[in-house]
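Encoded as structure tokens, the following chain is the form predicted on its own, with no partner shown.
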């Protein structure tokens, strides 16, 4: 059973990823935040700089987003030429500004178009191509329709987040609907969605024993030691405190070396603290007070919290 690290668009930049993997690594593969599928003259250096040069921490799988076949084929081949043997197509992002353009999860109701994309990529590129999707945008019937279309193609795998796009990240995952996908899919399958504890992980693999992999996402940000706990490592609260505080200082240093101003650094750290606060002595009201702080005041307060983590 492989364990993957999910892409975090807007959070999982290269600087965060390298520092996080240094302190909490051990994944079989890390999926990168999506880049838009484009032709050569349209590819933005700002989008590409997050994936190049290629990292050696573990297997790194870039992810692309789009709905135009030629651009998807071109970008896939471009990434393969850079040395990436695997490329993933994002059909799962539920954000309205993405889905209303019929991209990501917004493309899921159109199984004809998805099959055409898969057909062209498999025909023209030697890359190992995979799909990351949801149960559907509006209905779990969408994922079944897609699986029935792509089952006969040589896809590397299919990753399914067990929610609908209209849910975004609210409500519960639907394991019953995922069970239907599990029965229909003849391709290697990965489960994604609400694995926050070792017990959650064990429950998933007990219910779906033939999965290729489980993908960890928000659970790793709410508990950076989750992967080690799944693997059976016993870590004391004292060690967790020390390791997280060191990680956080390294992260601030990495951001300070890369981002041009403190405002950007603080804003990125604030997004992360919406997850980190789960394991420090901080209430919901305390989080809101923290997020209202700015500049050095915020950095000082969070460094103190990092020292008190996992008490």
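Numbering follows the first chain given and starts at 1. Everything numeric in this text was worked out from a predicted model, so none of it was measured.
Form predicted together with a small molecule: not shown, discussed below.
- Partner contact region in the predicted bound form: 192-200, out of 113-121, 176-184, 192-200, 79-87, criterion any non-hydrogen atom within 4.5 Å of the small molecule.
- Heavy atoms of residue 33 reach within 4.5 Å of the small molecule in the predicted bound form, making it an interface residue.
- Not displayed here, the small molecule is kept clear of residue 230 by more than 4.5 Å at the level of heavy atoms in the predicted bound form.
- Taking non-hydrogen atoms only, residue 218 approaches the small molecule to within 4.5 angstroms in the predicted bound form.
- At the 4.5 Å threshold, heavy atoms of residue 310 stay clear of the small molecule in the predicted bound form, well away from it.
- With respect to the small molecule in the predicted bound form, the three residues 16, 60 and 256 uniformly fall beyond 4.5 angstroms at the level of their nearest heavy atom.
- Only one of the listed residues (291, 21, 11, 301) places a non-hydrogen atom within 4.5 angstroms of the small molecule in the predicted bound form, and that residue is 11.
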